[in-house]
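Just one chain is shown here, as structure tokens, and it is the form predicted on its own.
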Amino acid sequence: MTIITRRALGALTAASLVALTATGALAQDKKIIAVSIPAATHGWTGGVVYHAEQAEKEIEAAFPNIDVIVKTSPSAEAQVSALEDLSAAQKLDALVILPFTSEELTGPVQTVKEGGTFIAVVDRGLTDPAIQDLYVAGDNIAVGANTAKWLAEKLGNEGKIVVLRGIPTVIDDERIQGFTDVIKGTNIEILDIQYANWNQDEAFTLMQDYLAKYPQIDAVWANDDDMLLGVLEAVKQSGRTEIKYALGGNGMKDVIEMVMAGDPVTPISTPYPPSMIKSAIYMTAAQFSGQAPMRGSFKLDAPLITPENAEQFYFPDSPF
């Protein structure tokens, strides 16, 4: 496993693009890169769509030998159908995919690979990693662990907290593992931990339940910034003042703005940038121009986002 920081990945992407610029015009045949991603069903996937479309425009403008086709799907079943349509319509030189679910997409992606297609997988790995030529993802265990370390220090390793989970996926499992493994080494009590499906409205309702059930809550970890917004609204409406911190994750621009402003309840975040799809598309394009073949697994770091470094993680034009 190759570990690469966000800054290093950005530098790598830039270097690849320089190489592409120098030699892209030499290629004569058109290369097709299909990009298959979930539709913008919530904030983070909205960011994925935005960054994928930006990569499509930039790469096609710079390199006339590369055609990028971005397809969004509202479900796993729709994504399987989209892959079938894409591969039937033309020969795919490469596929960049963020699978809706690992299990349902592994077989269809395997079929595409058997046609000689380069496979780049983003975020949710396939159940058979051997299918993946390139894998780009964030460090979900670090998202949970780094948040928990900061919170434990601020609470003096004492207190009562509640946690909101996302949906039953490996991503959520890893975040919860990273967080709870750190908390186990403290005297902090996790009062409750339930799913809110990475949904703002469901998080609002769940947080209302927590507030009704527990008279003392020192902090909340929402696991995701969409859920964090629901938590903050529930706390605001309750009038409760004992909650010292409410934290999320992923680096939503609304939350980054809170961090930049020095918000006392949400003073930090952790990145899981949807722009990783853009990095994966750039790295895939390097297969066909610039003599910069990319293979392997690349994991982005999850450093704390603080007022001091928040500008590095802030994308005001992105929907997320």
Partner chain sequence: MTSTTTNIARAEAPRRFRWADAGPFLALALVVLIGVVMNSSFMTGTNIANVVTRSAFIAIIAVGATFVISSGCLDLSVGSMMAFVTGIMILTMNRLEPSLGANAIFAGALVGLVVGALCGLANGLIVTLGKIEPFIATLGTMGIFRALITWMSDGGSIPIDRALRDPYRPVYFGNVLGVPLPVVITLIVVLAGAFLLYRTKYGRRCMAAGSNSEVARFSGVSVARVRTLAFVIQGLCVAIAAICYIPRLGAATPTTGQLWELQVITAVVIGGTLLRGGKARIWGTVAGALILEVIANLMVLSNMVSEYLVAAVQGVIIILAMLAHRFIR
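Residue numbers count along the first chain shown, from 1. The model shown is predicted, which means the values in this text are computed figures rather than measured ones.
Missing here is the form predicted in complex with the partner chain; even so, the following discussion is about that form.
Student: Just give me the single entry in Y195, F118, Y135, W150 that has a non-hydrogen atom within 4.5 angstroms of the partner chain in the predicted bound form.
Tutor: Selected residue: Y195.
Student: Which listed residue (T72, S87, T186, N199) meets the criterion of a heavy atom within 4.5 Å of the partner chain in the predicted bound form?
Tutor: Spelling it out, the residue with a heavy atom inside the cut-off is N199.
Student: Within 4.5 Å of the partner chain in the predicted bound form, counting heavy atoms only, one of 120 to 128, 204 to 212, 178 to 186, 89 to 97 shows up; tell me which.
Tutor: It is the stretch 204 to 212.
Student: Is the partner chain in the predicted bound form near all of E103, T106 and P293, within 4.5 Å of a heavy atom of each?
Tutor: Not one of the three qualifies.
Student: With the cut-off set at 4.5 Å between non-hydrogen atoms, does G144 touch the partner chain in the predicted bound form?
Tutor: G144: no contact with the partner chain in the predicted bound form.
Student: Is A40 one of the residues lying within 4.5 Å of the partner chain in the predicted bound form, judged by heavy atom distances?
Tutor: Yes, A40 lies within 4.5 Å of the partner chain in the predicted bound form.
Student: Since only the chain is shown here, I'm wondering whether K113 would be in contact with the partner chain in the predicted bound form (any heavy atom pair within 4.5 Å).
Tutor: Output for K113 is no: heavy atoms all beyond 4.5 Å of the partner chain.
Student: With the partner left out of view, is K160 within 4.5 angstroms of the partner chain in the predicted bound form by any non-hydrogen atom?
Tutor: Judged by the heavy-atom cut-off of 4.5 Å, K160 is well away from the partner chain in the predicted bound form.
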